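A single chain, nothing else alongside it, follows as structure tokens in the form predicted on its own.
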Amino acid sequence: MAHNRSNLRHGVDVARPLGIGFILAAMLPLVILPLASIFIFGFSKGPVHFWDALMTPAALFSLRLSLMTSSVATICNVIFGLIAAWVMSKYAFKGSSALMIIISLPTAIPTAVAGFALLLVWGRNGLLGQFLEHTDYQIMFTTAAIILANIFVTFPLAFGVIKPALDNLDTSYEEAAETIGATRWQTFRYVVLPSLRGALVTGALLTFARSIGEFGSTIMVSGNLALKTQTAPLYIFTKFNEGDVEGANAIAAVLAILSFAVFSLILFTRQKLEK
């Protein structure tokens, strides 16, 4: 004990290099090597081959579809998360704890179960889908089904970031705005929203990152139809099953880069936005 205190007093902390070394040793086989292997094997035949695999019509379509459906789901869930967080933070009512559990539940449900549940609701014989059976419009196995699946799976993410920010918000600014005659909407628009910029951006980025990589629920409701309802994760799954490792690797590398970019934005922009 005295030896450790002496080391700390002279600026030597043995726990620091040991702790960093332990983290790196644990991450190397579990995170770093698997991610690095995507790029190692992806570029093993050269960048031209990688580019050709990436530029196929089916690969480009799957990326565009994933970006579009993830963006729509993100917008929907940020709006919902903001409204839900405002209501749950500002008002106390009976059953609020049960409602909080229901909002948070999608994070604990396996994604395949989520997809199956959506089929039971929106399928041809589902609770609501049966009413669309005799119309020209169907939800399951379309782009709309993918958006629904993404919304369901990422439902609590933005809410889970925005609500703590609202709970910790200094209400003195809202009270000051009200004393000078600001309406509730003006207070929300000019006082509350600017204070939540960091939480809104973080919630949006987390939702987008989770949506673009969604697989379990999407494969249940999309039909995995090439050039129609095949998202990027489904494209990777299909190409791998077909033995086209290069094709799967190309899209996997793009998704890995997108995920890295998203979490870098979260890390470097949230603090700046909050200030």
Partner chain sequence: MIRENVATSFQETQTYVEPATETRAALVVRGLSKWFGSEQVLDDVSFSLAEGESLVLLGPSGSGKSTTLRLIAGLEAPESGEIFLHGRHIEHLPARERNVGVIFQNYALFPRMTVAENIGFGLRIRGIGKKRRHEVVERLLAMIGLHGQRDKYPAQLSGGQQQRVAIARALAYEPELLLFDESFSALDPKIRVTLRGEIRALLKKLRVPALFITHDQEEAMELGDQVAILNGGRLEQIGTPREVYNNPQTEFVATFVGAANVVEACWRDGHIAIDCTQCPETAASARKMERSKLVFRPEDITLGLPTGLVETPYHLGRGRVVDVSFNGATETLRVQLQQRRQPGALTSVVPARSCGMEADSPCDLVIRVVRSKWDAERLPLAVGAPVSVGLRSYKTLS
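Positions refer to the first chain, counted from 1. Computed from a prediction, not measured in an experiment: that's the story for all the values here.
One more form of this protein should be noted, the form predicted in complex with its partner chain, which is absent from this view; the next part is about it.
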Check your understanding: Out of 190, 116, 86, 80, which one falls within 4.5 Å of its partner chain in the predicted complex, going by heavy atoms?
Key -> 190
Point to revise | Of 177, 103, 166, 151, the one that lies within 4.5 Å of its partner chain in the predicted complex (heavy atoms) | key: 177
Practice item. Heavy atoms, 4.5 Å, its partner chain in the predicted complex: which of 125 to 133, 192 to 200, 139 to 147, 153 to 161 makes the cut? Say which one. Key: 192 to 200
Check your understanding: Is there a heavy atom of residue 182 no more than 4.5 Å from a heavy atom of its partner chain in the predicted complex?
Key -> yes
Check your understanding: Does its partner chain come within 4.5 Å of any heavy atom of residue 172 in the predicted complex?
Key -> yes
Check your understanding: Is residue 186 a contact residue for its partner chain in the predicted complex, using a 4.5 Å heavy atom cut-off?
Key -> yes
